[in-house]
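Take a look at this single chain in structure tokens; it is the form predicted on its own.
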């Protein structure tokens, strides 16, 4: 049977089908490839779709600010602005031995952190891979697995003498999914993100589920604090660099945290906390512009990703800027051009037609390819997708990768600018601790954020500097546990 790509399939005796396409050594020039001119024409169309003017960015910042304010005023808003019950900044003098457990998007990480004061610390850690099955399996089973891993980690470190015998260690649990918290050692999961779907977890207190798992595995640890990686990043980064005012994560997910005055959080006014006290706010800003889709520049490719995702309509901002989706945006564009007969005619394209087969890491490689012939891009398409490319096509793919990633960085700048503008940090300037695979590994991502801040604020935008943050889910979680223990020992807001 012939396919629309000019390739064909042969039925094998065993009933499987084998894809075939013929290629002769002298055929290369004859293969119907896109020319430099057609590629340039297409590129112009995509530039118009993905470029964002400073004026458009400033409009997004204003809408973003309104969303943040609304989330602080009332519960149940699109951007939930979750009070974390982390009161104020660390002193930098916190000391002691703490455990930190981080249930991340791809790994479970277990850390033993010794805080030495003076902004110094030591850390020992282990990582355990989470399978896709575990992410969709029953929620309590997921927490039981966390308990087993923690038990194994503690046993290993007891044997080596790192952990003293007969000691119950305070534990900071990093759980980076939207939770509603009424106190620091409690959190009800609002909804799974980052591809998790474990049933019997949404609407449940995850600390209670984790405590059950610890009891079941006889783990000598006491859960003192539940935080998300972003709040941990804010606290850890300030511990080491006290100029830090905001923390952001740009990775599989995206989020931000900052320190707000209690008087400006109307929705917790009834708690009777001193209005001058500061509390860290976990924005959960990946949800900005969800459902209504009034402010963000969504293309049809973004709409396809949203409609086919496990949470249609939700996490609108995250779907434009997170590492989970950038590769997929590029793949959808390529597939559209295949269908239009512009790319890969006469080649079998089934591999690149598999959703999420084009990882964001490939975009990062495409942009950093140092060779004139773009050999790295030849390698990616050849090795992973069995596709031959011309130089014109490779230059086009690289330019597309840049458009998609640059839009993500500039939108990220809009989020940072909304907090800066709301808190009045522009004049004095501030440091923004940033973490996550996109920020750390994607070429020029940080530069493009800075360029975006400059486009939004003009020259003063240079006062806002992002830097590679301290480890929030390990060190940060441990510092939060230390701050919480100290606060409760001093009988300050002991019920929170």
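Positions refer to the first chain, counted from 1. Since the model is a prediction, treat every value here as computed from it, not as a measurement.
The form predicted together with beta-D-glucopyranose (BGC) is left out here; the points below concern that form.
Peer 1: Take the pose in the predicted bound form, superimpose it on this chain at the site, and classify the pocket for beta-D-glucopyranose (BGC) as open or blocked using 3 ligand atoms within 2.4 Å of backbone or C-beta as the minimum for blocked.
Peer 2: Open, since after superposition no atom of the placed ligand lies within 2.4 Å of the backbone or C-beta atoms.
Peer 1: Heavy atoms within 4.5 Å of beta-D-glucopyranose (BGC) in the predicted bound form: which of the stretches 355 to 363, 315 to 323, 218 to 226, 302 to 310 has them?
Peer 2: Within 4.5 Å of the partner lies stretch 315 to 323.
Peer 1: With beta-D-glucopyranose (BGC) left out of view, which of 381, 87, 425, 177 would have a heavy atom within 4.5 Å of it in the predicted bound form?
Peer 2: Result of the distance check: 177.
Peer 1: Let me know the one among 115, 146, 418, 249 whose heavy atoms come within 4.5 Å of beta-D-glucopyranose (BGC) in the predicted bound form, would you?
Peer 2: Answer to the contact question: 249.
Peer 1: Using 4.5 Å between non-hydrogen atoms, is residue 393 touching beta-D-glucopyranose (BGC) in the predicted bound form?
Peer 2: Contact check for residue 393: no, nothing within 4.5 Å of beta-D-glucopyranose (BGC) in the predicted bound form.
Peer 1: So, in the predicted bound form, is residue 194 in contact with beta-D-glucopyranose (BGC) at a 4.5 angstroms heavy atom limit?
Peer 2: Looking in the predicted bound form, residue contacts with beta-D-glucopyranose (BGC) include residue 194, since a heavy atom lies within 4.5 Å.
Peer 1: Given that beta-D-glucopyranose (BGC) is not shown alongside this chain, does residue 255 nevertheless sit within 4.5 Å of it in the predicted bound form, heavy atom to heavy atom?
Peer 2: Answer yes; at least one heavy atom of residue 255 falls within 4.5 Å of beta-D-glucopyranose (BGC) in the predicted bound form.
Peer 1: Tell me, yes or no, whether residue 230 is in contact with beta-D-glucopyranose (BGC) in the predicted bound form, where a contact means a heavy atom of each within 4.5 Å.
Peer 2: Output for residue 230 is yes: heavy atoms within 4.5 Å of beta-D-glucopyranose (BGC).
Peer 1: Mind listing which residues of 291 to 307 have a heavy atom within 4.5 Å of beta-D-glucopyranose (BGC) in the predicted bound form?
Peer 2: Result: empty, none.
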